[in-house]
Ligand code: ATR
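Just one chain follows, in the form predicted on its own, and it is written as structure tokens.
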Amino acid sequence: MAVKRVGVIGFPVEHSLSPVMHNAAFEALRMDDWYYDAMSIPPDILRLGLREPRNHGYIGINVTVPHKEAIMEYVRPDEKARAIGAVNTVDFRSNIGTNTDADGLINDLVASDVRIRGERVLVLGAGGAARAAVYGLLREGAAVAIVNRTKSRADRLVAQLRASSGLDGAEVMTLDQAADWGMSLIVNCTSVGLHPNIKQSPWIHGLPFPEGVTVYDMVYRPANTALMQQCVAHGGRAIGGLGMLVRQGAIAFELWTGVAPPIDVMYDVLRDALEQATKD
């Protein structure tokens, strides 16, 4: 039985939970001829490193840091990848690179019954994750405000997204301005609060926290971040980012295999892996 291989490339990549998630889905679906692994490829040999999985019959790959932008030179980026400026999934059969992060976020918000269209959404951060979030939120009809420590970077995100996708409707604010903006949803796209810095929050100490908002924190380790705790303490609803990781992976899974994966299996195995890592 010939094994159909897929995997993830990055540097470093040993920490990736994607193999656990995808292989659990393959096992649950009894797709015994599929296998997902991780390949560490240094940035200076990315082009050469891509030849290896291609030459060894891989169906496709996921792409993580630091290769998401550089790989666009070696694949055919689709509309989403061009708009976001990064590729995180490649199908070697067509050499098309796409980005599943925006849809992963939106799908998890929808699954969590969070309203998007016509809502005011505050995005914290202006990196690659924020760009995917803003793209997805604008496309779904939200009004978006971006807060970033460096305002010029947020301004650049808005300008680049407008140029690459034609999407408008995002503005840049300070956190003080945003606190009075009246948003219903806050999406944290920064790494502030990520393990081991679990006591940190991107919300400035002393600034009143908005009452009754929903917080979606892309950080999923720890499962309950300081920002999420602040939200709940002020009558809001907090959602961690594990679901986004699952749902962006599920899109790639279906792209490669033509089969919809078991979301619940992928979520449970990731949660268990993270709990075990916390104990270790």
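What you see is a predicted model, and the numbers here were worked out from it, not measured in a lab. Residue numbers here begin at 1 and follow the sequence given.
Quick note: we don't show the form predicted together with this ligand, though the next part is all about it.
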| property | result |
| --- | --- |
| Segment assignment from 90 to 98, 160 to 168, 145 to 153, 173 to 181: heavy atom within 4.5 Å of this ligand in the predicted bound form | 145 to 153 |
| 4.5 Å heavy atom contact, Ser191 and this ligand in the predicted bound form | yes |
| Touches this ligand in the predicted bound form: Leu109 (any heavy atom, 4.5 Å) | no |
| is_contact(Ala126, this ligand) in the predicted bound form, heavy atom dist at most 4.5 Å | yes |
